[in-house]
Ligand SMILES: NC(=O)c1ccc[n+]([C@@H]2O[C@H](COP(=O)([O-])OP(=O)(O)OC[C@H]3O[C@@H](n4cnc5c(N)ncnc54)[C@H](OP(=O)(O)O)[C@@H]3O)[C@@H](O)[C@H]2O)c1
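Just one chain is shown here, as structure tokens, and it is the form predicted alone.
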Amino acid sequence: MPPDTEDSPKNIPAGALRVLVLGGTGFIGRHAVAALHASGAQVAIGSRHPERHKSAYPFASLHLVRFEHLLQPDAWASLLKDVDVVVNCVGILRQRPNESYDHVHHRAPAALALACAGANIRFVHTSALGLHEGAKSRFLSSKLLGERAIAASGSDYAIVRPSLLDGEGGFGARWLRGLSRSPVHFIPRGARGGIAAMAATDLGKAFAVLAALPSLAGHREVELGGIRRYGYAEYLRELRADYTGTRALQIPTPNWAARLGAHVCDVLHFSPFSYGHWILLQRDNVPSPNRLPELLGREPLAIRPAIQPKTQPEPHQVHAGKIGPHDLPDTPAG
């Protein structure tokens, strides 16, 4: 599909908000880019593989961004030219060679926040609910260290903490919906935390609203979620109801089995379930307060209708904002 005339960068109105979306080709980032573009912003995208996405984003400039190389404020200078706001949607579920939790979730965002402070650029950072001191997970502890470094940077920042996300292209969302179809659900006894599941499209729109604010002083910590609180077992039942009227057999399982399964998934890089997510399942992941209705000016979308694989948009549909509705916090770097 060729881009509409007004989508080309040369036709963006003078004075349009200039936003750099880091991880803009990942799950969360795609929804942020679609909402920002629909709002009239001039969007630039940072990605690990910008060459793969040129045809999908004809309206945006794409830049190579490798967080493991951007650990000092000066390293960000060239990327921040002609930028009013940075929206960081980068995160990794598991570590890769030369790409650690500490680099991606802590040191690079800390350097970026300092660079934004020096250049008077607003900074919107994606984190997660449920972070806490003493969590025995490098995934979680690195995110908490990143938050603290950003708060100490002197930048005009907002830390966005979404609850579990449901939406097109989400690794965790796809797995949970697939799991809900199974006739048997194994429910860890310790999975007692609450979930305020929300549509990823609403998260994208919240980013667009925050980016347009002249100052983020009143939005330093922004917790977001849907209007309904679920337990884990209840959420699987809700998802299953989209596909069938039959009920799955839900079997309580011991916590040691869930913990062992999480470690196995981490070692094998299998499924979105990780040890960090096992910790999160044992705690509430519900925003307090929930600022999503305030940002949207309406009630959050329900998690239905069901995601059908055949309806997932082609990449070129993103430029028209046609993406359909942290999932266990799931923020691929793109």
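Heads up: residue numbers just count along the shown sequence, starting at 1. Owing to the predicted nature of the structure, the values given are computational and were not obtained by experimental measurement.
Beyond the structure shown, there is the form predicted together with this ligand, which is absent from this document and is the topic of what follows.
Using a 4.5 angstroms heavy atom cutoff to this ligand in the predicted bound form, all of 23, 26 and 66 count as contacting. With this ligand left out of view, the stretch that reaches within 4.5 Å of it through heavy atoms in the predicted bound form is, among 185-193, 112-120, 95-103, 247-255, 95-103.
Remark: residue 89 counts among the residues lining this ligand in the predicted bound form, judged by a heavy atom distance of 4.5 Å or less. In the predicted bound form, this ligand sits beyond 4.5 Å of every heavy atom of residue 54.
Shown alone here, residue 298 lies farther than 4.5 Å from this ligand in the predicted bound form, counting heavy atoms only.
Remark: residue 269 does not count among the residues lining this ligand in the predicted bound form, judged by a heavy atom distance of 4.5 Å or less.
Site annotation in the predicted bound form: the residue of 153, 142, 201, 126 reaching within 4.5 Å of this ligand with a heavy atom is 126. Along 158-184, a non-hydrogen atom within 4.5 Å of this ligand in the predicted bound form is carried by 162, 163, 164, 165, in order along the sequence.
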